[in-house]
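Okay, so here's just one chain, in structure tokens, the form predicted on its own.
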């Protein structure tokens, strides 16, 4: 019944080691079927080299197992809440990629310093504050999702325009129209994080990109009169 959904989720997960975004079992991707109100996610702690499509676990939006013999990712409740709250996203990726985690552990937003960043988003990549003790001791993974949602709400950010976030002391989450796009966003985020860190090492006083250049690069790729690429 969920064969194609499992295969899509499996293929997206297998991109993480190929892109150098995970080490051992440090990450997961999920993909959703809105018509059936379920999502597929990587099983917890299963190494990528032995992962098979049939191992993928099917969950509902209350983070209950619908189909699967293995325990789902420990981050499942975070995925479930994001799917339930943002009903237009189709895939979510979570990794512990090195450079994105470095910014998350430092508790810093990634500033827009150049056109590579601006090509993908004209905004800083936000770092949501670390969870309170009560949240950590309580329903931790669910509250992680709440922290992401609250961060976007408090900052007036759109999850449709900005498809990535950092969690302080934790790491990155990205999303998109499908699982493949969420993985793409995870790779982009890691490269933006790497470039920003190296830039500030070369010159700690590097200024932010000027607004005209920042918006030009974003609009030519994402604006109503975008002219990047070959169109539809």
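Numbering follows the first chain given and starts at 1. Note that this is a predicted model, so its numbers are computed, not measured.
The following text describes the form predicted together with a further copy of the same chain, which does not appear among the structures shown.
Within 4.5 Å of a further copy of the same chain in the model of the complex, a heavy atom is found for every one of 113, 184 and 209. Residue in contact with a further copy of the same chain in the model of the complex (any heavy atom within 4.5 Å), chosen from 131, 89, 149, 162: 131. Within 4.5 Å of any heavy atom of a further copy of the same chain in the model of the complex lies no heavy atom of residue 222. Proximity of residue 61 to a further copy of the same chain in the model of the complex: non-hydrogen atoms within 4.5 Å are absent; the residue sits far from the partner. a further copy of the same chain is not drawn, but in the model of the complex it has no heavy atom within 4.5 Å of residue 37. In the model of the complex, a further copy of the same chain lies farther than 4.5 Å from every heavy atom of residue 84. Taking a 4.5 Å heavy atom cutoff to a further copy of the same chain in the model of the complex, the contacting residues in 99 to 122 are 99, 101, 102, 103, 105, 106, 108, 113, 114, 115, 116, 119, 120.
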